[in-house]
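Single chain ahead, written as structure tokens, the form predicted alone.
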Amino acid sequence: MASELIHAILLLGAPGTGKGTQGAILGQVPGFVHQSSGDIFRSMDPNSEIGKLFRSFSEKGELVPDDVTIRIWKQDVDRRIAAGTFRPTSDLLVLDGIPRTPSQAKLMNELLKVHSVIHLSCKDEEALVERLRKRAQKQNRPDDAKPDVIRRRLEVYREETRPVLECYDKSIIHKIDPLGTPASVLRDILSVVAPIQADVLGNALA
């Protein structure tokens, strides 16, 4: 039933567009809960069966299979609900890095009510490559700093993730330039999601 669906905001954009940064900031605002698929995957035990499976794909810049991704995502949602850190009736879930394929989007539509898709759209691929290279060096992730891996990740995004936009009504898709200052990008995102939060929380509390 629609009343049981999880209220969500989707952050969509190529690697390096700042989804994680903006999602983390939103997650500090009461009523928003940031859920990063990257953080979930990186926190997994690398020696576990599913951890080894994830690493075998990520090290090549490939996407993790849909069924594995959805299973991990749902486990994390259930854990947050059980811990009381996510309240489906009054919180907006800010999804960062998932869904990554149209098939994932279709599967998740059975569980989610997506109120808005924030599309961080950047035409300057070289700027993204440089962002990702510097980030990987700063975070001491040498594998992620390799240009061939970075370009493969961007190629995978164009081929497999960007089509996710086609799964949602154009009226809820908002294109935002991610190359501004973090504050200006946040301002643009808040102009979209603040009214949604007021509406969702208002309905939940009525």
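Keep in mind the model is a prediction, meaning the values are calculated, not measured. Numbers follow the displayed sequence, beginning with 1.
Omitted from view is the form predicted in complex with a small molecule, to which the following refers.
- In the predicted bound form, the small molecule lies farther than 4.5 Å from every heavy atom of E159.
- Residue contact check for R141: one or more of its heavy atoms lie within 4.5 Å of the small molecule in the predicted bound form.
- A residue is said to contact a partner when one of its heavy atoms sits within 4.5 Å of a partner heavy atom; E62 meets this definition for the small molecule in the predicted bound form.
- With a 4.5 Å cutoff on heavy atoms, F54 counts as touching the small molecule in the predicted bound form.
- Across the options 25-33, 162-170, 40-48, 175-183, residues that bring heavy atoms within 4.5 Å of the small molecule in the predicted bound form belong to 40-48.
- The partner is absent here; in the predicted bound form, the one residue of L128, I98, I118, V94 having a heavy atom within 4.5 Å of the small molecule is I98.
- For the three residues S58, T69 and R153, a heavy atom within 4.5 Å of the small molecule turns up in the predicted bound form in every case.
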